[in-house]
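Quick heads-up: it's one chain on its own, the form predicted alone, in structure tokens.
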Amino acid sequence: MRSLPLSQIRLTDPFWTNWQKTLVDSTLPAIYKQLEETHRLSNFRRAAGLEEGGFEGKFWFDDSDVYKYLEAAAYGLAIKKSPVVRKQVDDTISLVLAAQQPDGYLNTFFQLKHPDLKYRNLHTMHEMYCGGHFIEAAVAFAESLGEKKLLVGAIKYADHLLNTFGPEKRRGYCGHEEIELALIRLSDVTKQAKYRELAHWMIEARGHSPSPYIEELADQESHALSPWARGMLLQQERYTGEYFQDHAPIREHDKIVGHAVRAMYLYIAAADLAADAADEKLDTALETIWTNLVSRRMYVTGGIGPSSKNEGFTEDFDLPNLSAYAETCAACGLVFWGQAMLQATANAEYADVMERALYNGALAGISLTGDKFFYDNPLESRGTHDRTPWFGCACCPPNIARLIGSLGKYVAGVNDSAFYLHIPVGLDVTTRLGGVNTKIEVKSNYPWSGEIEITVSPEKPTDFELLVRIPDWADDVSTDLVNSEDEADYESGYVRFARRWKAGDVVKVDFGIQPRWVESDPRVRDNLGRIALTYGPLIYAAEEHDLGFAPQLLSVDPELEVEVTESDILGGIKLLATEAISEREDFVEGLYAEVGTTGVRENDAKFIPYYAWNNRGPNSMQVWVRKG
């Protein structure tokens, strides 16, 4: 299975078209403003000799934010024209290409600050990570807009890597994975196998002992670039490599460890390696890691990586709510990896997780106005968490921006004889199926409604399969092939219609969305005696703004009816409400008293989608509420 080129798919979905309009009108200009004000663009001017001065900025990987902005802008401009964004993008591309060195190397931190230390500290300094995002931006412009100006520079950079690393050359790979998946994307767009081969070599080289990072850690000049790295990478003075998945060869991985975003990016590329080589052992390893993640180390929101200490994973079932890190980038990465696994297997279980992370853990990372962001995404707040326009480490804003812009890649897929609808959003697609140009139109008001209508219009009658994923939360699904007696069957989590299609054929599917309470494995200690409210793909949360008191005081009875109402708040959400009780805060007997002294009161408890919380200012919030 493969994703559709964005030129062949247009989203008509009311939910996501609003987000994509906001991307172009608000998010991209806001990010560009921050890139300018934080001197990220000035660094390119200085590296190009267009401005005096040295490197300015808190982090050595600031270039990557510029590239992710460009990638998001390529998708945005393919969706909606904007003279303002177009001018800013053109100026940025010119700066990037002007800063690139004749041999293809590009990294403003090293060019301006440490020109003699290039590639001396691969474990921490993110050179190839930044280069990977450069390549991804260039591929996005080529695929989405047919523009290859940036691609010329990306090819030059990739050829520079080929001349430096690989078999018979230097053994090395980046501490922050990204270059591997970028080289694979470059190989796809250029049809040059050499880039995929280098990516696969890097994946294979990782995790073998002795690691090249051990020598780097002993290099005093290298160490001076990141003096804190030894404390992160060594345990009792012993190198383990878990932080950046360098602990074992890829086929020996059996659980998710280390930095969450790095892990996602590695396993995206590894999925391509497994598919390319028909590698059963690697397939098994990836499935084992995935199962460990989603069954023991993933939040109900699709957020991953509970710890701020390593921005990643700890132990099974360690999923604290108040201190949850659950970085926005990590949820985006889970969507990306889920798609890679889905394309390799056509198994709907991967799409279930993609959907969960997309509508909850990732989307919570951006405000409804598109210009404020979360870095970490807790499942409980005492009123101290708030979105901000930017971060010192600003990876998350352009990452969620590029996910929103490229959403068409993730909602549907095709092969020569089948069309897969992974996420039932409204869309128009024109592609070849059964050897015939075919238009597919999906009408949907997802996630607020589970009713969808699919109209199939091939140029002439043709045979192919139409598969619609049945979400894991759907308990009551109905299907109807209008004016036909043909019956659907089921395959790997999809409802499947295999037939000869003619223009105007219509399929109707209803997933029967209803409010549903869920509970977690009791080994997740934070959630003992607590339940969470869901509505279709959405996780809901109680927010102080709607309750009038902190949701930590709330208790709900899952047996009581949950009312679903239309609302015009928070962009027009569906509001969920139920009868509940809350503890009284006016505890009249002093700090402690005999059990039964605390009074309770009846309340109408309202819940909003988790992605929409904190859009009315900081206040207390809770996903997992007490079961009364």
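When you see a residue number, it is the position in the sequence shown, counting from 1. Treat the numbers as computed from the prediction; the structure is a model and nothing was measured.
Not on display, but discussed next: the form predicted together with ligand FUB.
In the model of the complex, H176 approaches ligand FUB with a heavy atom inside 4.5 Å. Although the partner is absent from this view, E311 contacts ligand FUB in the model of the complex, with a non-hydrogen atom inside 4.5 angstroms. Under a 4.5 angstroms non-hydrogen atom cutoff, ligand FUB in the model of the complex has Y129 among its neighbouring residues.
In the model of the complex, ligand FUB sits within 4.5 Å of a heavy atom of E327.
Look at 353-361, 388-396, 332-340, 541-549: in the model of the complex, residues with non-hydrogen atoms within 4.5 angstroms of ligand FUB sit in 388-396. The listed set H259, H253, R206, H200 contains one residue whose heavy atoms approach ligand FUB in the model of the complex to within 4.5 Å, identified as H259. Taking Y375, Y535, Y420, F110 one by one, only a single residue has any non-hydrogen atom within 4.5 Å of ligand FUB in the model of the complex, and it is Y375.
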